[in-house]
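The data below hold one chain only, encoded as structure tokens and taken in the form predicted on its own.
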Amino acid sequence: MKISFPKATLKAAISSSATSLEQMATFNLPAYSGPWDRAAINHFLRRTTLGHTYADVTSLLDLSHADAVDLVLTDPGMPSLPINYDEENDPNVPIGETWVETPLASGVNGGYRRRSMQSWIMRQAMESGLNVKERMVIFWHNHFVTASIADRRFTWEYMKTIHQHGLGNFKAFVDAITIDPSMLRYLNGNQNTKNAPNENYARELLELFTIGKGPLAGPGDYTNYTEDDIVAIARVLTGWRDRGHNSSTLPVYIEFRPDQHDTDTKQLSHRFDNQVIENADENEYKVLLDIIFSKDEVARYMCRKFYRYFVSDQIDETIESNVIEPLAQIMITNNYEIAPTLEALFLSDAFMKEDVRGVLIKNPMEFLMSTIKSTGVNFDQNNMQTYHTIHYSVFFRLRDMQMEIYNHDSVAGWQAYYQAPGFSRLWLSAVTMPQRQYVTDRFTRYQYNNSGIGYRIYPLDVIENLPNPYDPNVMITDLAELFYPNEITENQVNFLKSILIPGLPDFEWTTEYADYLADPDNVNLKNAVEDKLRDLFQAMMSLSEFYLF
């Protein structure tokens, strides 16, 4: 039996704000009632998007908090397809065309597809705008980990699954990922037969993907499930295969092989109410998922992950009872729809309150995008050389900062999202700190230069959008509002001002900037002002505050 990939219509699944607020009141999740000012909007955008500008904050001042939540949760639909941008020897895929449904011709180096996928995800991040979708793509890629997949058509199908379900229904998402070809290959589902059950996916389905372990209750009993459940679930999942991997003729598809499926009954433990699963062939895994999702702990487990990703990595008993539990009940009430759950979280006081601002360290993607997008670094998205070199080069900055997309070290994902007590602090080390400094130095003082195309921050373009760039104190404060999660001190303003105009009175900057604006074609005036600003931007992005969000 051959099963094609689902062509599910994307679901925004966003409840009206009134409905969300009513549910929040029903389950005692307090809504945010503080000021919707620039500080609040900056925090909101830092946590819900991959980079924003000063102008973006200004534009949201005209919206309510609820309208802003609706804006970032609006599903933009499926992304553009990755393309062949540099391989001239693939007879089936001309340069500029997509390869995602085309087998790799015999004798052609498939490395171009790997580069294409690396460039593609950077392009998606850079073009994401005021939307949570690409931030959720990173979340789900770290939740449903796959790695070591050689055929990038498999990688594309996996990323397509994430895009299709990332703001949709979580249960449907687990259904799709369970028989996703990359997942079947990565966690050995394609080797799971009635005569030799493989427990890898069964274990991670419970431990990492849905319900979590819970505290150890006894030998082989993890509170939420038991070792016996893993054995039984592995038998439920027998018979699935991926097809087409590294084939020069076959498309990518999955199939269910009845002759390799265990048709005997499977007995679950008391943790799942001693339920018995009868043979249901290719639909048996769906029966299993219904049983797993009957347990409220699935919602609690996922809401803890949402909280750690969007709010804070510290969850104590108060947070558990006052935030996680009501949010989980909202998720259950909405039949495990993701968007209404996030809507309630983003509207909550727990998400917006001042004492969670700046408590997380940016992951490398957040760090890169905040550097690039807050300063308006302009990548010519229609230029093939840009697609080839810059996106590819920027991708490897992630790898150097120990966040290589598509290549996690383990199925548990990046340690910063699960390893207590360090959590997000684990992004910073003696290895990664110099790499972060390299990124900001490169964009501020120097440039990324590939094949004659240079990309860098142009600080004059940044400050011209500020309300008062003539006053160095106001300008620095406005930049700090954009770059940092919390207000900086007067001493910090004075320190940064000493970088901009060392030992000089404030009016020297006002005069010099005004002289440049009066004669913008004067190269000497422009260079003098721009050099001062580059020193300022480099210093601001070197402060520890820039690493927080």
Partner chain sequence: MKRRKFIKNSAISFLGLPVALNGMNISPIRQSALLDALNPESDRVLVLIQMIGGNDGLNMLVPLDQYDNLYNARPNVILPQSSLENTGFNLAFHPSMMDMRSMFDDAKLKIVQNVGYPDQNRSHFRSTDIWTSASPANEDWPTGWLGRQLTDDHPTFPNDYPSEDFPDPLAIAIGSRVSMTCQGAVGNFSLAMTNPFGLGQLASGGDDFIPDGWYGDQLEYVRLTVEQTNAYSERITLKAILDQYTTSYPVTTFEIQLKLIALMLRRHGAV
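Residue numbers count along the first chain shown, from 1. None of the values given here were measured: they were computed from a predicted structure.
Same protein, other form: the form predicted in complex with the partner chain, not shown, and the subject of what follows.
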Quiz prompt | 4.5 Å heavy atom contact, N522 and the partner chain in the predicted complex | solution = no
**Asked** Can any non-hydrogen atom of P251 be found within 4.5 angstroms of the partner chain in the predicted complex?
**Response** no
Mark D313 yes when one of its heavy atoms lies within 4.5 Å of a heavy atom of the partner chain in the predicted complex, and no otherwise. yes
Q.
With a cut-off of 4.5 Å between heavy atoms, is S148 one of the residues that contacts the partner chain in the predicted complex?
A. no
Among 480-488, 32-40, 53-61, 66-74, the stretch whose residues bring a heavy atom within 4.5 Å of the partner chain in the predicted complex is 480-488
None of R135, R357, H388, K295 but one has a heavy atom within 4.5 Å of the partner chain in the predicted complex; the exception is R357
As a check of understanding, the residue in I405, V411, V439, V100 with any heavy atom within 4.5 Å of the partner chain in the predicted complex should be identified as V411
The partner chain in the predicted complex reached by all of E199, P434 and I499, non-hydrogen atom within 4.5 Å:
yes
